Structures are given as C-alpha cells and as structure tokens.
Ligand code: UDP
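Coming up is one lone chain in structure tokens, specifically the form predicted on its own.
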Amino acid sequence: MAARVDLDGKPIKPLTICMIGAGGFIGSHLCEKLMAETPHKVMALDVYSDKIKHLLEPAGAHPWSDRIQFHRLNIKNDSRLEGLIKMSDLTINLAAICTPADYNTRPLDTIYSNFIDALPVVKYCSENNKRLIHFSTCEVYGKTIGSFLPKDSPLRKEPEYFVLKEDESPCIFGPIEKQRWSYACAKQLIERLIYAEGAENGLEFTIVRPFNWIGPRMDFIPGIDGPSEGVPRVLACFSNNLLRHEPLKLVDGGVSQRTFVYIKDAIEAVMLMIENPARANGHIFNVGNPNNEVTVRQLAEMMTDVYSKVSGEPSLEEPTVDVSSQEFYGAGYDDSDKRIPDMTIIHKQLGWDPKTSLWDLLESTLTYQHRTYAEAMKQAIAKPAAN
C-alpha cells in the first residue's frame, strides 16, 4: 500500500479508530473503504454486525483481518466504552435512531438515543483528549425561512431563503406537539454540547450533517431483513413497494424537496475529514449534493423508471398513490419543505465535491436491491398463498 499523504502533502500516520455504529449503513461503507485503501485500524462497536460480516469472516482470511475488531456492545450501558475510546486516536459516532417513522411513535427512545446516549461518548473524548467525528443530520435545520413566507411570495425562490448554511442558517422547528421534531432537537442539542466542549475544554471535533446519503445496504426491506411492520426511510420504502409490485406511497402528495448524494461520494468526504484533522477540526460540514434535487414525487417517478430498467419488469399503470402523513406516520407528524445544502465550507476546507448523478446512484442502488431481494420477495409473497 503506497504511503498516504494529506491535502497538505504531509504523510498520514496509521490511526486506531473507535467507530460506534460501525454495523450500520454508513459504518459498513466506511469500514470497507478503511480496510481496502488505508492502513488504519478499526474497533467496530455495534449491536449488529450483519452489514460488515463480509469484512469480519472468516477470521484471518483477509489482508485486513488484523486491522478490524468487532465489539458487540450497546453504548447506553456498557462499561467497556471509555476503555475503547482511550485506546483509539479518533472516535467516530454514527449511533442513532434516525428513521422518521420512529420520531413520532418512539419520541423518548429517539431523544435518548440521539442525545442522552451520546453524552458519555463526548465526555470520554473530551476528558481523554481524543478527537471526535460526530454524525449529526441535515434535520437540525428544520424548516426553511422561505416556508414561512406567503405561498405566492417571489422571495421563496431566492437562495438566501432556502439554501442551508452551517454557520448562518437558523434551526427552525415545528411546535412541541409535532413530535417529529424530537430527533432534530436532540441532534441540535448534542451539536451545541460538542461545540461547547470544543470552546471550553479544547475538544477536537468535527460535526457531519448528512443530506440524504443513499446507496446499497441502506435501512432494511420490511419482512425480508427487517420487521414486517417497520417503516424505513424513503429509499427503502420505495424499494419495498417496487419489489412487491405495489404503488409507491407519497406522503401528503410528495411535494417536499430533497437532495440525494451517493454513499460512495459521501464516504470520500468522511475520509478527508479523518485524514485532515488540521483542516476539519472545529468545523461543521454539510455533506450533500445540491445538483441532485427533486421532489419526493419526482424521486418516486425516477425510481419507478430505473427499477423497470434494471429488473426488466414493466411499471405499474398507476405507479404512485397519495397517503396522508397522519395515515402513514401517525399523529404529530410534520415535515421540512426543502433541504438544499450550501457546500462552500466543505469545498474550501477539504476540496470535496460530489460526483454521482441521481440517475446513476439510483441505478447502482436499485440494481443492488433487485439482485439482493427480488428472489426472497417472490418467496415471501408466494408463502401465504401456499398455506
């Protein structure tokens, strides 16, 4: 492996990374990248290891086998956590409940998972002078300023009313009874705590705000590799509908606007943060792709077309159906209207720009979904009929 250098041409020394939530969607892609392309070691902490078992098994079979160790633990009640953080150079915290269906129905779990359970991680990093990369969310921005203007106001189209900037945009949430904001508030408060630890106690930190990272291994397909009554995020929800030949459910007409970035592009950004602490410390980074902006309805239409192409199956005559948020998520749901990341800071500090178009990333992801799940779905659908 060639010697790695940072953006300033300095050699990068091998790191020991404590990765909390390594078994999830983002963690699995990050572990793959670290094992394949760097000399860094990873202590992978999680309750589940399914998404990284190809990196762990069989023991000794890979050139990186001595560089990744899996520790099955739940950070909310495990005394081993501080010791593992002390043994590492860098802690990356990916652990979170981050599915909109849960914000409404499990607001207490959501607040505990994203704020209370993260407190010891921040504390141990600060007390032991260890660097922290903490994963937050674009949800901390809440609603745009533009959403409060009259519907016909021309100002709604002005970027300063909807483009989200790390160091300028306010965080605007709905009323308390809209429990959907429990996640965003918990994430915002842990960001403020981390920032304060940096200001008062010298914690070296980087905060990541992902804007809809999507790709293979995201979430689960209900009833196949996850709970049958579970509601994952939009990509997996729509994939589940496509695999079942059902219309895609559009919540409240699918008018919300989102930007999507390919997981492999986003992981490149994280690698730059890991290996360039001098440029990343003390910063909050939006990581998204403003070029891949669509309404949720447009995303559904695009996914229908892409899935038809990769699967060879015809699309439904009525590919979408409208449902109310009350029906889909339950009472207390509220939504943010538009999420466009300003990319100035990450481009200036790390020189990172996303590359993959929305069509290409959907083609790659839906090819994976079809290859991984289509057969299992056929069998699952056939079973009740056979009984």
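Keep in mind that what you see is a predicted model, and the values were worked out from it rather than measured. A residue's number is simply how far along the shown sequence it sits, counting from 1.
We do not show the form predicted together with uridine-5'-diphosphate (UDP), though everything after this point is about it.
K.L.:
Ser169 versus uridine-5'-diphosphate (UDP), in the predicted complex: is there a non-hydrogen atom within 4.5 Å?
P.N.:
Outside the cut-off, so no.
K.L.:
Is there a non-hydrogen atom of Arg180 within 4.5 angstroms of a non-hydrogen atom of uridine-5'-diphosphate (UDP) in the predicted complex?
P.N.:
Heavy-atom contact with uridine-5'-diphosphate (UDP) at 4.5 Å: present for Arg180.
K.L.:
Is Ile190 close enough to touch uridine-5'-diphosphate (UDP) in the predicted complex, meaning at least one heavy atom pair within 4.5 Å?
P.N.:
Ile190 lies outside the contact set for uridine-5'-diphosphate (UDP).
K.L.:
So, in the predicted complex, is Arg339 in contact with uridine-5'-diphosphate (UDP) at a 4.5 angstroms heavy atom limit?
P.N.:
Within the cut-off, so yes.
K.L.:
Pick the stretch from 158-166, 171-179, 119-127, 256-264 whose residues have a heavy atom within 4.5 Å of uridine-5'-diphosphate (UDP) in the predicted complex.
P.N.:
The contacting stretch here is 256-264.
K.L.:
In the predicted complex, do Met271, Ala280 and Trp352 all put a heavy atom within 4.5 Å of uridine-5'-diphosphate (UDP)?
P.N.:
No residue of the spot touches uridine-5'-diphosphate (UDP) in the predicted complex.
K.L.:
Using a 4.5 Å heavy atom cut-off, which residue among Leu316, Met302, Val296, Ile111 comes into contact with uridine-5'-diphosphate (UDP) in the predicted complex?
P.N.:
It is Val296.
K.L.:
To verify the annotation, which of these, Lys249, Arg106, Lys309, Lys86, has a non-hydrogen atom within 4.5 Å of uridine-5'-diphosphate (UDP) in the predicted complex?
P.N.:
Only one option qualifies, and that one is Lys249.
K.L.:
Which residues from 87-110 come close to uridine-5'-diphosphate (UDP) in the predicted complex, meaning a heavy atom within 4.5 Å?
P.N.:
Result: Pro100 alone.
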